[in-house]
Each structure stands twice: as C-alpha cells, then as structure tokens.
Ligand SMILES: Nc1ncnc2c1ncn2[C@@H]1O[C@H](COP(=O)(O)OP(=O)(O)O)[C@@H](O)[C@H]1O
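Take a look at this single chain, the form predicted on its own, given in structure tokens.
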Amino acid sequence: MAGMLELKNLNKNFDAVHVINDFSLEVFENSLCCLVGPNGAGKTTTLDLITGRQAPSSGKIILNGVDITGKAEQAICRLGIGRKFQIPAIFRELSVEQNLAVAHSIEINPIKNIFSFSSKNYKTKMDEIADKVGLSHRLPEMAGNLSHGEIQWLEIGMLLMQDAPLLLLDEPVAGMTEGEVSKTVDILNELKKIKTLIVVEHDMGFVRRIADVVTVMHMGSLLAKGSIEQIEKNQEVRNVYLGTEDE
C-alpha cells in the first residue's frame, strides 16, 4: 500500500551544486516522520520541494496518488499540505483568536468568510483547536504578548484551522524552555492520531519522544531510515553526527 506522501528519486541542483541527491521517502497516514541530519543535509530544501516553494530538478512528488511535482505553492496548499517555518509567521498585533480566524479565511469571497465565522461549527472548531494547542485561556490576548513557546503553538493552531491533513514543521521546539518542549511533545503526540506530520529537528531527545519513523539525511541523500532505536544503533549515523566521517 502506497503512503500518503511519496518522494521518488528527488534531485535539486543549484547550478553545479547538488543539494538533494536521488532522495526517496514514503510517509504513511497518521504517522510522524522526523527528518534529521547535520546542518546542510537538505532537510529544509526537502520541505521546500514538497510545498512547491522550489521545483525539483528531477524526480516526483506524489500526494494521495496525485503527482504534485512542480505545482505552485498555493495549489499544493489547497491540496492539503500545511507548513510551519522555522521563524513563526503570526500577526503580533492581532489577538490569538483573530490569528486563528485569519488562518480559517480560505474563501476568496469575503461574504462566504463572514457567514463561516458566524456558524456554530466555526466556534466549535475554534474552541477545539485552541484547546489542542493549549491556548484556550489566551484567545483574547494579543499574539505579540505570548511566550516563545505559545507563539509556536499558535502557529500550529493556525495550520489546524486550515484543515490540512499533512503538516510540515521545521524545528518546532527551537528556543523553547524544557517545560514548553514537554508540552509540545504532548501536542504532537495527540496530533499524529488525526494528522500526518513531517518534523525537521536537531534535538534527538525531542525526536525520541515523538517519532514513529526517523529519516536521516546527509549531503542531500538518504543515510538511514527506521525507528529511533534502529537509528541510534546505526554506526554510520553515529559517525555523521559525531563528525568522524569525512565531509
């Protein structure tokens, strides 16, 4: 059975520089795949290719059996892929609730958006998502007043308001306190019951607590894939992370 997302022999070149080299990955529905590797391994570029921010030089990207290779970012977003970047993209001058409302505004027609905001389903959805990301008590608060961790959770909530089945998160716990990391672990472990997630991360302690599958990249290629236990025992992976392998 094919996965929800399939990357098939992806390559990405910038002139003579090969950033992604014959990289393949299969991600199954309602699972959490952590994409790890040293700086420059090609992790963020892989997310760029999946979301259409960049086009691959060759290879294919298949989402639910549909070839989305080279499609525009907006078109891919509408097909059900949501992305959280390393630097949060929230509206600091708006309240938490208003940020979630903006994320819900997917209709081009403003009249349709107005009616959707007044529906009972919208209010229920808002409350459920605010609860999922631990911000129910912060809905009236200006987003700019949130802690670093709360801002990250708000952005995850904004993705959930868009109903994307596949979420791509780039270093979601960078800069968080230990308590915020633990809460993020709880949030993601609950989310993977209803969503499919790809998480780019450096913190292997965090990866150990959330990952169903760990995919290790090195110099744009697949180095290893498996459970966290398998990855931690992989000598080649240890060599790369400890810097004992020639770059």
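Owing to the predicted nature of the structure, the values given are computational and were not obtained by experimental measurement. A residue's number is simply how far along the shown sequence it sits, counting from 1.
Note that the form predicted together with the named molecule isn't included here; everything after this is about it.
With the partner omitted here, the residue from 237, 19, 228, 25 that has a non-hydrogen atom within 4.5 angstroms of the named molecule in the predicted bound form is 19.
Proximity of residue 40 to the named molecule in the predicted bound form: non-hydrogen atoms within 4.5 Å are present. Remark: residue 162 does not count among the residues lining the named molecule in the predicted bound form, judged by a heavy atom distance of 4.5 Å or less. The named molecule in the predicted bound form comes within 4.5 Å of no heavy atom belonging to residue 69. When contacts are judged by a 4.5 Å heavy atom cut-off, residue 86 counts as touching the named molecule in the predicted bound form.
Partner contact region in the predicted bound form: 32-40, out of 207-215, 61-69, 190-198, 32-40, criterion any non-hydrogen atom within 4.5 Å of the named molecule.
Heavy atoms of every residue among 14, 44 and 54 are located within 4.5 Å of the named molecule in the predicted bound form. Counting a residue when any of its non-hydrogen atoms is within 4.5 Å of the named molecule in the predicted bound form, there are no hits in 188-206.
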